[in-house]
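What follows is one chain in structure tokens, specifically the form predicted on its own.
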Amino acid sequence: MIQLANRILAMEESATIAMSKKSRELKQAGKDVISLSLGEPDFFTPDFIKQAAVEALDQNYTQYTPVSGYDDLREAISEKFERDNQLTYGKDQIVVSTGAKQSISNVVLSILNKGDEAIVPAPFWVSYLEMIKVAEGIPVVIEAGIEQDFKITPAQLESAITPKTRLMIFSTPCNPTGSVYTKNELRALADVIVKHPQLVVISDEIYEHIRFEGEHASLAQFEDIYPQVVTVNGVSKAWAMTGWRLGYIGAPKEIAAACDKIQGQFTSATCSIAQRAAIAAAKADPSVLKDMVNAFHSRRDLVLRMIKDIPGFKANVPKGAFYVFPDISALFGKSAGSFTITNANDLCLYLLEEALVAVVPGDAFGDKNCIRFSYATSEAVLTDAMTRIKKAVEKLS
């Protein structure tokens, strides 16, 4: 009998991918399922980026590249950090990877030893905890509910730090909540971080361009903690390049070198053609994304209006990304027919069966009282989905 490694047996399957798989199976069975489970823009990659890829093929960029990425790509990313984030990262501080997911996992593996603690504010993106567990670290979850807009306080952070704390991972704008930390809120967290020089913070900013008010604020902007911060970004979300698989970090040199070392043994560099396309994205003025961001803003407002009419749903107002993360705990204990809602997972299964709408339970994101759905689809589809959800929920008593 084959015996799998304990690290695999202990790893949870991605809840977003699992729900997407279930909805695909129902669609293949002829069911009219609306899937709001995956975080993927419904826009196509801009033509000028696709053209850069075509030119790269014509110019035969089809061989191995440096592990951390082409020099001119890393230079373009360096310029992007300076232009958009007022951050100074030399190309030797930048590592390009096969998606921001690999970028984060490289850093986690570079920092954590067995038994080290890693702080994760909840709600969190589903993969953070599993990456920490694979590195044999100990996740320390800080809960931040809807009453505080799903954002942790400096006091919460301070109380979670111990002599074993080596890492913290968080996102702004946040997946799954859409919450955004302001510059002042980040400064207050930085005042705690600077007191603990052994602490490295991964700031996941993959949704930076998808926000609906104010300017994006990067944690690494504060000089006193700049040496402790790894800034993660990529092209998947804002540039609608999910399938191109390209993310990157700006990091202290020793961390960048460690990530290059890991990547050199695990995957080597990411796709050469994706890298050439990413140069075009990195050099582009983010103002070209205005129409897409406005569309997401309009969809968010539509969803929030319709949520108000759904019994038992309570939502905050997401300031970015393309998710809504309503608290649905008021529905626990209610039933319809043979279905009883005892938790968020029950509600998701009920909505999939009764409304043919796929959403994701909040347990996977660290909040058992919520569900997540993506509004990265058309307003017509969202209206249909929210109407179906409302009708299904109204059957619960």
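All residue numbers refer to positions in the sequence shown, first residue = 1. This one's a predicted model, so the numbers in the text were calculated from it and none came from an experiment.
If you look for the form predicted in complex with a small molecule, you will not find it shown, but the lines that follow are about it.
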Q) With a 4.5 Å heavy atom cut-off, would you call Ala269 a contact of the small molecule in the model of the complex? A) no
Q. Taking the shortest heavy atom distance, is Ser37 within 4.5 Å of the small molecule in the model of the complex?
A. yes
Q: With heavy atoms only and a cut-off of 4.5 Å, decide whether Trp125 touches the small molecule in the model of the complex.
A: yes
Q: Evaluate Ile17 for contact with the small molecule in the model of the complex, applying a 4.5 angstroms cut-off between non-hydrogen atoms, and reply yes or no.
A: yes
Q: Go through 250-258, 125-133, 105-113, 221-229 and give me the stretch that gets within 4.5 Å of the small molecule in the model of the complex, heavy atoms only.
A: 125-133
Q.
Just to confirm, with a 4.5 Å cut-off on non-hydrogen atoms, which of Lys101, Arg300, His216, His196 contacts the small molecule in the model of the complex?
A. Lys101
Q. Tell me, which of Tyr181, Tyr207, Trp239, Tyr89 has a heavy atom within 4.5 angstroms of the small molecule in the model of the complex?
A. Tyr207
